[in-house]
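A lone chain, given as structure tokens: the form predicted alone.
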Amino acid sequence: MDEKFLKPYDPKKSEDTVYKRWEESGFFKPEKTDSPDGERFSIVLPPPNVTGTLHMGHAAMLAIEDIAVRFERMSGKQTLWLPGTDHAAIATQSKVEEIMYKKEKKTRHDIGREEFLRRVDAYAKESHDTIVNQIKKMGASVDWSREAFTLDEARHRAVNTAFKKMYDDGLIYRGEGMVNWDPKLQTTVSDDEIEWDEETVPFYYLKYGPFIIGTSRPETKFGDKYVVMHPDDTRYSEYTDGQTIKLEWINGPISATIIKDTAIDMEFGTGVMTITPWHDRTDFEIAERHDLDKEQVINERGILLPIAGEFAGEHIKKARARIVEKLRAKGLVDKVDEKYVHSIAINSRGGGIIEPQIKEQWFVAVNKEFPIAYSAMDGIASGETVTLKKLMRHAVESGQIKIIPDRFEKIYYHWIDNLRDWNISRQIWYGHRIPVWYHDPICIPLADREDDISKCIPIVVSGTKPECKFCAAAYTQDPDTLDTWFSSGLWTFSTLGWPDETADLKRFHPTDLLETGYDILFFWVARMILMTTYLLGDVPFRTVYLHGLVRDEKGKKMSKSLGNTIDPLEMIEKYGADATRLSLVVGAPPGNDISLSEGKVRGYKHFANKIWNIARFVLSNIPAEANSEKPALRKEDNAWIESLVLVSEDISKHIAAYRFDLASDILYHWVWHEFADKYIEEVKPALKDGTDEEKASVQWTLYAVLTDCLKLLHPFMPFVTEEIWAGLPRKDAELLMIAPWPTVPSDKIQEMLHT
């Protein structure tokens, strides 16, 4: 028996060495696996932001994906798990700006774009190295030779190619629209990056002529000159659509127009509201439907504009109390609810409170019809007229993408049905700069030529700076950058070499599995479906597995402010990666939040020790040469072999169906309570006092069960099982990570999946 088994298992001394052994073997690469049937399995790692460190949500993601990958690799498939990181433009830029201002009292404008981007790149590189090390600590068997970054040169080329194709097809356009504006960071923000926070504020009921209107934001009301009501509301039947009325308002008398619109909730408040089309999305949509005027009240920095009269130039927060006092003095405040609870939109990347604004931006048109050039999707023919929303819905509705758990499909459809044109431009410096170039407004004729300067092209979409063929004027690139989700939306195929037709792209796309948290189903998953179905005419993945949030032991969301966070790296340091991984999988069905405590992690450290002690017992009770020939087995030993076969079938079925929670629970109980507590205890008398034939039967069975248990456990607990495997006297693979999965025919697995 290997001398290491004489000591207790110590993950701190073992795990880094084991991971290095895996890396050096080259078996993380799919090319190293000989797949006689040509089967493959591919998955891309959802790229962690380079601004952060590993949290329990990431740890759960890595554990689940590694289980799937190791199972498929051991099943003999060419398996690719492609890693990478996300530049997370807004989050990364705001972090560097925060550090720079704290240390130097400088902004990015003080040092210029080039120097600022150099500093951001340096920060991202340092943070990237930290993230990679943490991914390795979790035991993730990714192919590091194919690692990608959403802002590297290959991805930049893919982004420019995608942008140009979408622009040429009329699916990307520049125009005015309602956007989420962050006054703190001075940029637009995607719907996907908004978090909603509750706050308690006063709610004011104001007299607007003969009506009572309600608002929590009186500072926006200077431009309100339309009063809207439902056409079926009998309380206001005396008023007609388009009717004007005179009334006294904040800064004097105004003329207001009656608008009848079905968007009004007759049950809310008085059933009447005024609208501020420039600063509220619902109001903007009403104004668009009725072709109403839109007037800006608050500028990009939260300052009131001249329309506010005496309050012009004041910040909205400071002006609010004074505005209310003026309304009171004029007798326009009917009543005030001091404890009104409502939700406010916050930029999750920078913490700024969102102020809706109408701005000229770049958008992706999701409702525009176009003929799809190429389609490999069932039910969509090449040349068929579609919209991006139709492609997104069809990919799931047709069954070509399966969402686990399936209850999220209805939520997905609801989100798509309400999807607006996607604002993709950001007013920041870090990120993929928009590949659009504008000709200087004044043409400069060439001295030695008589070209027609009227042929000068005003806008050119190109990844490189163009030159005008008809005059000497220069082109200037659009200063904005693209929404981070634009580049990450290409992730499943840009990482495989697109826009080139590479061997990887042909071999491993569509990917088999996309595993991520249910909280970014729409932020990222839907964007990937949009980009892939349009650009490749195919789906990006076959299955979407959604894991839940990791909460504390009382079910509360983990946060630094509550002091209830659990650091996965601290848990790995204390109890090992195997225990940390298993604590995030057992009792965690797809789509369900799980409660986690340090005690739970500690409990699975005891299980890792149990596996080690089982191996020590088995190896100390078999001959050093471990006879490979199967002897005649006792009836009771044969029964245990049959029991293990049934367990293997169950575990294989559940892993193939992505029910890792069920597979791990069955395996945990069988290894500990059946193999260790029952079988090992039952055979001790035979090992001590049995005949040679009885001993041979028990020894062969113990070794066979141990090796198969190690194989079954390996996807869940790769470190301790690989360390034990290295000390086995006889084995069917150099490394456990490539050992053949306990044999269950693939047709039998499929049969079990359907029963």
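Throughout, we count residues from 1 along the sequence that is shown. Values in this document were obtained by computation on a predicted structure and should not be read as measured data. Just so we're on the same page, rigid core means the largest C-alpha set that superposes within 1.5 Å between forms.
As for the form predicted together with the RNA, it is not shown, yet the points below apply to it.
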Heavy atom within 4.5 Å of the RNA in the model of the complex - the one residue of 136, 221, 95, 146 that qualifies = 221
The one residue among 123, 205, 470, 672 placing a heavy atom within 4.5 Å of the RNA in the model of the complex is 672
is_contact(residue 292, the RNA) in the model of the complex, heavy atom dist at most 4.5 Å | no
Going by a heavy atom distance of 4.5 Å, is residue 680 a contact of the RNA in the model of the complex?
-> yes
Heavy atom of residue 668 within 4.5 Å of the RNA in the model of the complex = yes
State yes or no: in the model of the complex, is some non-hydrogen atom of residue 77 no more than 4.5 angstroms from a non-hydrogen atom of the RNA?
-> no
Candidate spot 264, 593 and 610, all three touching the RNA in the model of the complex (heavy atom, 4.5 Å) | yes
Answer among 210-218, 296-304, 126-134, 110-118 for heavy atoms within 4.5 Å of the RNA in the model of the complex: the stretch 210-218
In sequence order, the residues of 606-623 that place a heavy atom within 4.5 Å of the RNA in the model of the complex are 606, 609, 610, 613, 614, 616, 617
Rigid core fitted, is the C-alpha displacement of residue 262 between the shown form and the other one 2 Å or more?
-> yes
With both forms fit on the core, is the shift of the CA atom of residue 645 between the shown form and the other one 2 Å or larger?
-> no
Relative to the superposed rigid core, does the CA atom of residue 480 travel 2 Å or more between the shown form and the other one?
-> no
